[in-house]
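In the form predicted on its own, a lone chain appears below as structure tokens.
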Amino acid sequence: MGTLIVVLTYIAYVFIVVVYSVKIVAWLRMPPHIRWDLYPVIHEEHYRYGGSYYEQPEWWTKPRPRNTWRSLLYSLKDNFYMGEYYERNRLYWLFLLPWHLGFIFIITFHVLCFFAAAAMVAGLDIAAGSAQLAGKGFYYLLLITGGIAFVTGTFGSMGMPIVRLADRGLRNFSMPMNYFNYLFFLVVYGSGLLAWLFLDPTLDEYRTYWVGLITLTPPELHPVTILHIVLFDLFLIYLPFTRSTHYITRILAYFFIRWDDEPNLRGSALEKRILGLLQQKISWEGKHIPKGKSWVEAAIESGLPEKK
């Protein structure tokens, strides 16, 4: 069993990294979006009242300062607070926020477990009573992130299907996959919570497990811990095929759609991309669209028979 979970874990992590990388590259290669021009744009200097660089005389001749840190902090706040949901539906937010936090913290927990295990292989003692400050720091950091992940994830997974079923508006827009995800995630978080509360309060088995992954020596673990690890590996493999890809697409949507105010200036890289797309041939047709011609030609020509 030890060898099986080691192999399954390697497969799960390689799989999710490869699939997400392929998806991200595909998303970034998509054609430029249609400009929104919705203000305020968070990186603008005068974003508080919805100002933009268009206010400047001859703005195209001047630099456009961007506050990237403000954008990053806003996106982090959005993921850890989800204020728009709080304003629109606070009961839904009450369960949605911990459900999202559970996902964020369980990924963080396992990543920290890897670094902690690497430090242990290098000789660091990770324990509450460790004589090394880094050892104590790792111990409590793992305890905090793991505890938050198991508690918030379990709470959110239990509450989300209930609030969706109770709210007619949410129920009408829910699919069977939503409820399957809640049940599956509940089993993942619940198994981790059970192992933590009743079998491994110091989370020592997780560190042992990751040391085994690094040193290729399958560890001896409690069956409940093994159950959680196997479920988490399956969770990683399943994740790219769910709506949870929006953890990434949400960030891309902020930076490359909602806040993208790059002007289409003559000779710019954006102009070259757009001109290249306009040369693509049309693969469909209609009364007003001639098949086989480029978009530039379709824009110039009406495609309709001339009236005599």
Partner chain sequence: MKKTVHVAEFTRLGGQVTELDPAEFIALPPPYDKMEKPPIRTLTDDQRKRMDTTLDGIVAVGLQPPATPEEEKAFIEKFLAGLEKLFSVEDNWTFLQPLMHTLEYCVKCQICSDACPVYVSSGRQDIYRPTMRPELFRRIVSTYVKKEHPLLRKIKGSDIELNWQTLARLAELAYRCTLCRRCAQVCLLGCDNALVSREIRKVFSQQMGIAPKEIHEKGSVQQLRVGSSTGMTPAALKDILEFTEEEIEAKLGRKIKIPVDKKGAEILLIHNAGEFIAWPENLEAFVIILDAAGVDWTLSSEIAGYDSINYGVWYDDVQFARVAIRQSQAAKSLGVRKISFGECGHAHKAGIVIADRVVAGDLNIPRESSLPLLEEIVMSGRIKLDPSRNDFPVTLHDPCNMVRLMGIVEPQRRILKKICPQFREMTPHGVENYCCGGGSGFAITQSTNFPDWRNSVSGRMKMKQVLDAFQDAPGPEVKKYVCAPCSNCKGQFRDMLDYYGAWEKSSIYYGGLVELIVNAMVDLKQPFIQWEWH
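Note that the coordinates shown come from a computational prediction; the quantities given were computed from them, not determined experimentally. Positions refer to the first chain, counted from 1. The term rigid core refers to the maximal set of C-alpha atoms that superpose within 1.5 Å between the two forms.
Unshown form predicted together with the partner chain; subsequent notes refer to it.
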* Partner contact for residue 269 in the model of the complex: the partner chain, 4.5 angstroms, heavy atom -> no
* Look up in the model of the complex whether residue 65 has a non-hydrogen atom within 4.5 angstroms of the partner chain, and give yes or no. => no
* Asked: Should residue 176 be classed as touching the partner chain in the model of the complex when contacts are defined as heavy atoms within 4.5 Å?
  -> yes
* Determine whether any heavy atom of residue 92 comes within 4.5 Å of a heavy atom of the partner chain in the model of the complex, and answer yes or no. => yes
* Would you check whether the partner chain, in the model of the complex, lies within 4.5 angstroms of a non-hydrogen atom from each of 280, 286 and 299? => yes
* Going by the partner chain in the model of the complex, which residues of 213-245 come within 4.5 Å of it through any heavy atom? -> 243, 245
* **Post core alignment: residue 52 C-alpha displaced by 2 Å or more between the shown form and the other one** => yes
* Threshold 2 Å Cα movement between the shown form and the other one for residue 16, core superposed -> no
